[in-house]
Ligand code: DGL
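One chain comes next, on its own, written as structure tokens: the form predicted alone.
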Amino acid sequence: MKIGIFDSGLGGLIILKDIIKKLPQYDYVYLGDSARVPYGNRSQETIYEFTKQAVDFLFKQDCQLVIIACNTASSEALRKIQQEWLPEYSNETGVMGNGRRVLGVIKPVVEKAAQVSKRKVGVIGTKGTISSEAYVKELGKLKSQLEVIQTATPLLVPLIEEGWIKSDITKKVLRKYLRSLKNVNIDTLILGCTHYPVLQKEIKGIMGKSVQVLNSGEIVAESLADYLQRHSEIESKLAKNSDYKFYVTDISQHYQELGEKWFSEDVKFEKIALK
């Protein structure tokens, strides 16, 4: 059985790359819903339906464990997937006896932020992630004395997807988005979207050395390694052939180039339909 990684687009490839660097021995299946990206401005109901379709597809690809790399889907759909859909799926298919699991990316990043922050944590993400207040709620459970300041940054994903990472336009947008967080002197910044680590260098330059910008890919990889160590009943069922497959719901030359840039020149996408 395999490990599935789902993202609304191709940003999850950044997470997957860090996971494979840490845990190269396992078989992975990546799914990017590139035909319907971004999820950030969609309703919670729609995000849930899209996420459910993606997890179902990955289960059918023999994935034992699925990681929802998309922050928007993690904040808006993960809990319902875990608490409502998985039990229904178990009743319909009888596969939950095999211990299938669905995890998100928010909890491990929050745990890291709670460890390193002393005063104020900033969060940037899509409108959906920010409006859900998922990071605020989870940080409150772990370290209630922390002040959490959020800023929605909806233009960043389209700019990154267009490959405008080094453009003056992106730098100006970043400075405008980050100004309010810089003004209140946060000490830790959470990049609440899988795409954002490609801008980490630029973000660090704007925020300065006094702000710790968390690398979500490295954090999720460490968390997964720890999870598998604690759950041998799952780890023992995982294939260890270092085999990687990549699926998308829309493919173009642009997406292929992004995949090669963010993951590897060896990446080969197969187009599928979710339903």
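Residue numbers run from 1 along the displayed sequence. No experiment lies behind these values; they were computed from the predicted model shown.
Not on display, but discussed next: the form predicted together with the named molecule.
Just to be sure I understand the contacts: of 157, 134, 174, 78, which is the one whose heavy atoms reach within 4.5 angstroms of the named molecule in the predicted bound form? Comparing distances to the named molecule in the predicted bound form, the residue within 4.5 Å is 157.
Please identify the residue among 50, 39, 57, 26 with any heavy atom within 4.5 Å of the named molecule in the predicted bound form. Answer to the contact question: 39.
Heavy atom to heavy atom, is residue 193 within 4.5 Å of the named molecule in the predicted bound form? Residue-level check for residue 193: yes, a contact with the named molecule.
Select, from the options 79-87, 121-129, 162-170, 179-187, the stretch whose residues sit within 4.5 angstroms of the named molecule in the predicted bound form by heavy atom distance. Going by heavy atoms within 4.5 Å, the stretch is 121-129.
Taking the named molecule in the predicted bound form, which residues along 71-85 bring a heavy atom to within 4.5 Å of it? Residues within 4.5 Å: 71, 72.
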